[in-house]
Every structure is written in structure tokens, then in C-alpha cells.
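Here we start with a single chain on its own, the form predicted alone, put down as C-alpha cells.
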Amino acid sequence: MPTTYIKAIHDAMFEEMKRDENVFVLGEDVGILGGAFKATEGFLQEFGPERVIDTPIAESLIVGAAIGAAVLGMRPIAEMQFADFISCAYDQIINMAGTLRYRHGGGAQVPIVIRGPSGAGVHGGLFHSQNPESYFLSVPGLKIVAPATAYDAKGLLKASIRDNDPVLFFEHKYLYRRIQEELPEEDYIVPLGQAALRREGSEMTFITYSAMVHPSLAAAERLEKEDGLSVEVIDLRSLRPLDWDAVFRSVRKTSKVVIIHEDRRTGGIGGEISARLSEECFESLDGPIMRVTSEDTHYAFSPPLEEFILPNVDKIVAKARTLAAY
């Protein structure tokens, strides 16, 4: 039976808690309610209140408690009910979790996962739609993951739980029940830091991740059908560490690049990727590096206004055609 993206996340946590008694979950409504999106449904009945902990509405407390437990040998999974509110735990994440291994000369580790339901497209408005990954991209000591498929959501979350460093796991709400696929019955992980080649091409590269993988693939198919343009699509999957070898290899092959992400343009990861490509692949480029991103504004409740703000297939196709004609 096909597994949805949210069920894949549920199953990853459930199986890891079965496998390792040091794994536990904490967050707002993760216990009795089973999570706002039902990612932890049934966990309280299976694992009990000592391993499924409902917390006050205090993100700094949630992450701080997770860090303390991790230092003592546990492997907590801390849920931010909406990723927008991860900013309330910013100090704990960047000054505590991100620095602890370095501060102790490698003698301490913080194996925590902070799950953040992120992204727009569900008309959640300005407090329930943001993509906060860029807030953390420059912080050493952190790992950042953003899956696009159910297979990756399960495999990457399992790998994150088993990792000995703090991992920010940004799962996209729009994908929760919109995509599904058959998953292996046996245990598997997807290693952190490895991009996926979602589509082979020879004339242009799309670099993307998370929910934007899907419109990027649709745009690539449309461009091939209507323009005869061969587009390669790279799904980053992990943003820190980022698989630069896969990115450079594709760009050196195709010579033209469009970076597509849902986060806002200013300060988004697309700017960093563009700078690195200019440094490492300048001689291979045959046109300007282009971006398709959200507009530099707050997300909207209004469906037409939200659609205006977000990237989509039409915007990606238009940008690619401009670049192809360069």
C-alpha cells in the first residue's frame, strides 16, 4: 500500500523508538492529540508518557530540554508544531546545540532532531507558512535536511535520529498528504549530505529541494515537450552539508543553471549556491545564474495572493526560457 509523506515520518519515528529505547519525542500536543498533523498518533499508547512528552507552548524550553537529555545519552526528537516558531528557540539551537561539540573539544555530542513542519501552499498565513532554513545555514555544528519524497522523508529522518549531531529536519506541510509512494518493508536510511539526481538532462540544470522538486520536474517535462529543452533536476535533500560535488558536476555538464526554492529570495540559499557556482564553475557557465523563489514579502491567507507570492511551474518555465535564449 502506498505510504504518504506524513505516514513516512510517523513510521520513521515509530520504528526508531522501537529500535532504540533512548529515542523519545517531546513537543506541543505530541502525546494525547498525537501531534497537530498526527505525526505521533498512537505513540503515547505504545511508548507511554516518559517517552512521549507533551510540553508547554515554549519552544526554547522544548529544545533546551532536548539538548540536556542528549548530553546525558538520550536521542530526543523535538517537534516545533509549526517551523515558523523555531525562531523562539534560536538561542538554544545556535549557541547551545550548534556549539557544544566544539566547546568540549569533540568530547560531547548533541544527537537531537528538531522537526519543523514548514512551507506554504496551504493558506496558513504569515505565522504558519515560512521556510526558515536560511536562518541556520551559516551556523557550524548544525545539519539541515529538507526531503521532497516519502521515501526520503523516512530514510532521512531515520538517518537524522541516528546522527550524533543536531539535525534540523524541515518537512513540508504541503506534501504531507499530497504525495505517496510504495516504500520498502525492510529497514533503510538515506545518508545525509547526498543530493539526488531526479531527472537527467544536458542543456540546463535545475537545483532545488523540498516541495519545489515537484514543480521543477513538471517544468522540466513541459520544457522538453514544448521547447525540446533537456533539463537536469538536482534535489539537494540536505542543505548542510550540501552535496557540492553533485551540483558542480551537473553545472559543468549543462552550463546553464536555475536555482528554485520556496524560501524568500533575499538571504535564501540560492544566493549562496550562486556565489559558489561563480567561484567554482565560472568557466563552464554559458549564461547568468537565475533564481525562482518566493517574493520578498510575508505569506498570505488569501489563496490568489499566496499563489502570486510562491514559485510555480509557469514561473520556472518562463525563467528557463529566458535563460535558454541567452
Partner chain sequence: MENKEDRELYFYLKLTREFEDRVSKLHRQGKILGGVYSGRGQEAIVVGVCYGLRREDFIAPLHRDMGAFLVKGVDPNRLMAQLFGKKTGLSKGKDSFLHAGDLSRGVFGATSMLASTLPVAAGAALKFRMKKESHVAVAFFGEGASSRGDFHEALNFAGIHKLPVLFVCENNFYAYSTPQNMQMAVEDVAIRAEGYGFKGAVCSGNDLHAVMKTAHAAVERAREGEGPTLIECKTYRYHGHSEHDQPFYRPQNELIEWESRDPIQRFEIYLEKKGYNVDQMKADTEREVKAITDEAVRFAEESPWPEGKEAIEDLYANPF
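From a predicted model like this one, the values you see are computed outputs, not experimental measurements. Positions refer to the first chain, counted from 1.
What follows is about the form predicted together with the partner chain, which we do not show.
For the residues T297, T266, S278, S60, the 4.5 Å heavy atom test against the partner chain in the model of the complex is passed only by S60. Exactly one listed residue, out of A195, M74, L229, L183, brings a non-hydrogen atom to within 4.5 Å of the partner chain in the model of the complex: M74. Between 250-258, 202-210, 94-102, 230-238, the stretch whose residues reach within 4.5 angstroms of the partner chain in the model of the complex through a non-hydrogen atom is 94-102. Proximity of G68 to the partner chain in the model of the complex: non-hydrogen atoms within 4.5 Å are present. Within this chain, S274 is remote from the site of the partner chain in the model of the complex, having no heavy atom within 4.5 Å. The closest non-hydrogen atom of N312 lies beyond 4.5 Å of the partner chain in the model of the complex. Within 4.5 Å of some heavy atom of the partner chain in the model of the complex lies at least one heavy atom of G141. Along 22-37, these residues reach a heavy atom to within 4.5 Å of the partner chain in the model of the complex: N22, F24.
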